[in-house]
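Next up: a single chain in structure tokens, the form predicted alone.
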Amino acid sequence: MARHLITSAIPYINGIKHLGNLIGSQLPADLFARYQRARGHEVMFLCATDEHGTPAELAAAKAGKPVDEYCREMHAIQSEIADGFRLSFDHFGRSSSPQNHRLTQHFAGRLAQAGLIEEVSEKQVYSNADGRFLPDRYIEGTCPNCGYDKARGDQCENCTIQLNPTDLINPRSAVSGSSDLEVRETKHLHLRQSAMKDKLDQWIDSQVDWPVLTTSIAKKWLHDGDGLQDRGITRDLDWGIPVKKGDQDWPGMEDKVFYVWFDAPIEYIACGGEWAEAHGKTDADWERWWRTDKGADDVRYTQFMGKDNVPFHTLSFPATIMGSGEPWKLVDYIKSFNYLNYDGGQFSTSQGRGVFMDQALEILPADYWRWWLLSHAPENSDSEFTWENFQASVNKDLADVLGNFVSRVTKFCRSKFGEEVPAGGDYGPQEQALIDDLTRRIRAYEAHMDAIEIRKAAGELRAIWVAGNEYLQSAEPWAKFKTDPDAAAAVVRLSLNLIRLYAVLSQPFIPDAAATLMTAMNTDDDSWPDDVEQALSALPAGHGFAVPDVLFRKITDEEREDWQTRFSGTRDG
């Protein structure tokens, strides 16, 4: 039994995420966690909400609520939606937790002792009306590149160009709307990432099995231009983790907090402490996952994220861990994803363009979305969600292939043999050929899942479903029944066992449908098919079953057209 530590990029607190966010980290991480559990391995799957920084303050102000109250409410909403998509976190924490406060301050103290933090004077925009420095996102104005009048001080959302606040035309405070701004000098702490460059380079070079997308982004940041730059780790904000060296004050930093990018990855570790507290565990119980001197040396740590998060996870967070000089567990494999685009354009949270996670669950159950997203995961390039493709995939893969097989087998058996597995005759060459084919395919499916090749795994799973349909169509139990009922019974017995096998194999992708099939087959035997022939005899003759309701319904053209219109660019609220 292996031990798998799995984290997915933690979603930001300011609002409900769209399907592109879901497939970029949380959903594939859940697939991998479910698969490893199904294989009998020990899994710790952690995620949390990212609650600090400018966007949280702005979103809370827009909602008219104190920021801590807003974050608490949004965490509950995001947790509920995660449950709706059957994301099987062992713990879904919060970066504002006391555990993350303590651990972030601890890392800062260790880095300061190692000489990896320096105090830097910077010039930043100050709002006289607000009486405060304004971080980049607190400043709005007209983009000098495209003329968009709501560009932020760090980036224009319309044309995506990177900006500095001083680049904006007619800049104003996003808090008060005041244009009474001036540039003042302030002091901040910087993490000396440049001092860690060679160590990080050697470490990345040693990760020979990482995806090309991951390593190419990391190398670009390390070597392009002036190479890896030092980066600020503090901000002039009220909401956040106070700047301290461990439990000691940091002179000159009394009114500052740690920058969100610094504390957010540390929450992965802190989340383990939150899990321990929530389940009555000890520090040793979470440290065995995170500290190599406490048992984590045999843990395989896999991170899942969109490509925009790769620099922080390949460079900044490892620099924090390595720089601490303590035996924390470093990531073994980073699975990064390209972007999922939406129906000829991009998902847009601000414009309400695309399907958001709560809306998706309102119109169809989670498994419909899970199957399409995972089978079209943007692994090697950007992929695109279209309603036509979604409808075709659901109707063909889920309804026509898997659902139809289950319906035909169970209803035929009920009509001819009753609601129990029939005895019948022995298996012949046709059945043995199917078993041999399934054995090859299941081993290939396992290989793709182990390598986190998600689209290939989905394709192999679908081929396994198709193999059952082709066997049923070729064996023709309905024809055999007329002349040789025992032969027909053997076909049905094997096919009913196939349904249980499909439930076990499909559970990481479509857990609700898998549970429905297990219930219908009246079994809780979810053992993995290491021996396929043995797995196909798990339900013996005389074993009772029930005919399930329609497993997956088809999406109509009218529904597709309605949804395409509804989600084209407006979102209420």
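Start at 1 and count along the sequence shown; that's the residue number. In this text, rigid core is short for the largest set of C-alphas that superpose within 1.5 Å between two forms. Quantities reported herein were computed from a predicted structural model and do not represent experimental measurements.
The form predicted together with the RNA exists for this protein as well; it is not shown, and the discussion that follows is about that form.
The partner is absent here, but in the predicted bound form a heavy atom of V212, alone among A433, A451, V212, C146, sits within 4.5 Å of the RNA.
Among the residues Q346, N497, S324, S97, the one placing a heavy atom within 4.5 Å of the RNA in the predicted bound form is Q346. Taking the partner from elsewhere, every residue among Y138, Y259 and K396 has a non-hydrogen atom within 4.5 angstroms of the RNA in the predicted bound form. By the criterion of a heavy atom within 4.5 Å, K187 is excluded from the residues contacting the RNA in the predicted bound form. Put simply, G227 is close to the RNA in the predicted bound form: some heavy atom of it is within 4.5 Å. Shown alone here, K220 lies within 4.5 Å of the RNA in the predicted bound form, counting heavy atoms only. For the chain shown alone, H279 is not a contact residue for the RNA in the predicted bound form, no non-hydrogen atom being within 4.5 angstroms. The candidate stretches are 268-276, 175-183, 287-295, 122-130, and the one lying within 4.5 Å of the RNA in the predicted bound form by heavy atoms is 122-130.
Interface residues of 445-464, taken as those with a heavy atom within 4.5 Å of the RNA in the predicted bound form (partner not displayed): R455, K456, R462, in sequence order. The Cα shift for R152 between this form and the one not shown, taken after rigid core superposition, is 2 angstroms or larger.
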